[in-house]
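In structure tokens, one chain follows: the form predicted on its own.
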């Protein structure tokens, strides 16, 4: 891969210097941050991806919420929530929830594992570049935090109508949001592209 990089803000083509540990490279014209040294970025991202996968499995496998009212108790999980939206004829909303809160985050986690795990061992799987590019495009469409905010608002509104019992899935989902945010923060795209190019 070339050491030239286009500035994200002003499009100036700049040759990146060798960065010292913890160093940063800025655009000489506008001062925008171009590159930051992230030590062990691939290993940290891998660890967070494995943690995210475990939390994701817990989040979709166990009860999300339970509601008690008048001797009646109903449990639901993430996928039954999508199914209930479909039963209420809210197909578009059900698809948005399914895609942005279940499928896109899962695809992002699995895609990173597909690319980064072989890289950690000095290998490269077929079409790794395509998968990594797809993961980068999907990342902005993962809206789990918006879904979580909606749940919190619903809990406040339903609190005086019924007893709402958070399930283990809700806590796993909340932790998963922070794990995925940390994963995004530690991932060094430039380093991944360099390693993929070197293994061609």
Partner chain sequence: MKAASMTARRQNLVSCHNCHLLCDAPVPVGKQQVACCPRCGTTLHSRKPNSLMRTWALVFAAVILYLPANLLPITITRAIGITQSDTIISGVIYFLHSGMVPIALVIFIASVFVPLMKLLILIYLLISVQRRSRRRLVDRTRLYRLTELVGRWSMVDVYVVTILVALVKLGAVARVDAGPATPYFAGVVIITMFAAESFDPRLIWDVMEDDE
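Keep in mind the model is a prediction, meaning the values are calculated, not measured. Throughout, rigid core stands for the largest set of C-alpha atoms superposing within 1.5 Å between the two forms. Positions refer to the first chain, counted from 1.
Beyond the structure shown, there is the form predicted together with its partner chain, which is absent from this document and is the topic of what follows.
Residue 12 belongs to the set of residues with a heavy atom inside 4.5 Å of its partner chain in the predicted bound form. Its partner chain in the predicted bound form is approached by residue 145, whose closest heavy atom lies within 4.5 angstroms of it. In the predicted bound form, its partner chain sits beyond 4.5 Å of every heavy atom of residue 47. Interface membership of residue 81, defined by any non-hydrogen atom within 4.5 Å of its partner chain in the predicted bound form, is confirmed. Relative to its partner chain in the predicted bound form, residues 32, 136 and 150 are all within 4.5 Å by at least one heavy atom. The contact with its partner chain in the predicted bound form, taken as any heavy atom within 4.5 Å, belongs to 156 out of 168, 156, 175, 54. In the predicted bound form, its partner chain lies within 4.5 angstroms of at least one heavy atom of each of the following residues of 61 to 78: 65, 66, 67, 69, 72, 74, 76, in sequence order. Fitting the two forms on the rigid core leaves the C-alpha of residue 16 displaced by at least 2 angstroms between the shown form and the other one. Superposed on the core, the two forms barely differ at residue 103: its CA moves less than 2 Å between the shown form and the other one. Fitting the two forms on the rigid core leaves the C-alpha of residue 91 displaced by at least 2 angstroms between the shown form and the other one.
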